[in-house]
Ligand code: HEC
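Okay, so here's just one chain, in structure tokens, the form predicted on its own.
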């Protein structure tokens, strides 16, 4: 494990308008269709780019070029009335929203994949589009086989040895959540890296930082106790360059489901 030694005195700190009849649909190559298989956890850049063309011809009339014309919906930032997963999006686009709010669109599979990829990329043809799975399955994985709940606390339930995720869906993007699951070493915020402190009384404390200023550091130790320490009382203060958690062994579909669940966590009961 790589360790960075800090000197004690160092300063740290997402229309009701009727839709037009279908115009010419945008064709995508067979290669792109094959590249976007059901098991992918992330859409291809080709799918995102082609989806932007489908969106412009089929969706922009009602939703607007930036996806924000319909009251209560902003597609570019992932704000929907009822949609959570990519499966929900496919159903709404293919079957309509009901009560005349949105008609059903008969898109080919590759066109539908492209539109969803474009939405998930935040309307950026060059952006990163992450597949979002079923949040119900994701919750089951989070609390069970995924072992996420072994360290993370949600809505007052769970340990405090890792960051509380109760409002993670409001502050992190799907791409950021995916990186934290697949490659925690590069995605973990510096404040959340494990620390090891030794006091002048020869006490060794291992835990996670909550806050730090010029003179003090506050941590949750390995026994989930809140500790506030003066830096002048420390003999050494080590911050690991590697996270305590390892990359997940979940499948790509399972990762997509967990991301779907995490996006529902917005600090509200």
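Numbering follows the first chain given and starts at 1. This is a predicted model, so every value here is computed, not measured.
The same protein also has a form predicted together with this ligand, omitted here; what follows describes it.
- Contact with this ligand in the model of the complex, judged by any heavy atom within 4.5 Å, is made by just one of 162, 195, 175, 154: 162.
- In the model of the complex, none of the heavy atoms of residue 263 sits within 4.5 Å of a heavy atom of this ligand.
- Proximity of residue 101 to this ligand in the model of the complex: non-hydrogen atoms within 4.5 Å are present.
- Although the partner is absent here, residue 147 lies within 4.5 Å of this ligand in the model of the complex, judged by heavy atoms.
- Not displayed here, this ligand is approached by residue 119 to within 4.5 Å at the level of heavy atoms in the model of the complex.
- Shown alone, this chain has one stretch from 232 to 240, 198 to 206, 213 to 221, 58 to 66 that lies within 4.5 Å of this ligand in the model of the complex by heavy atoms: 58 to 66.
- Contact annotation for 58 to 84: residues with any non-hydrogen atom within 4.5 angstroms of this ligand in the model of the complex are 58, 59, 62, 63, 70, 73, 75, 80, 81, 82, 83, listed in sequence order.
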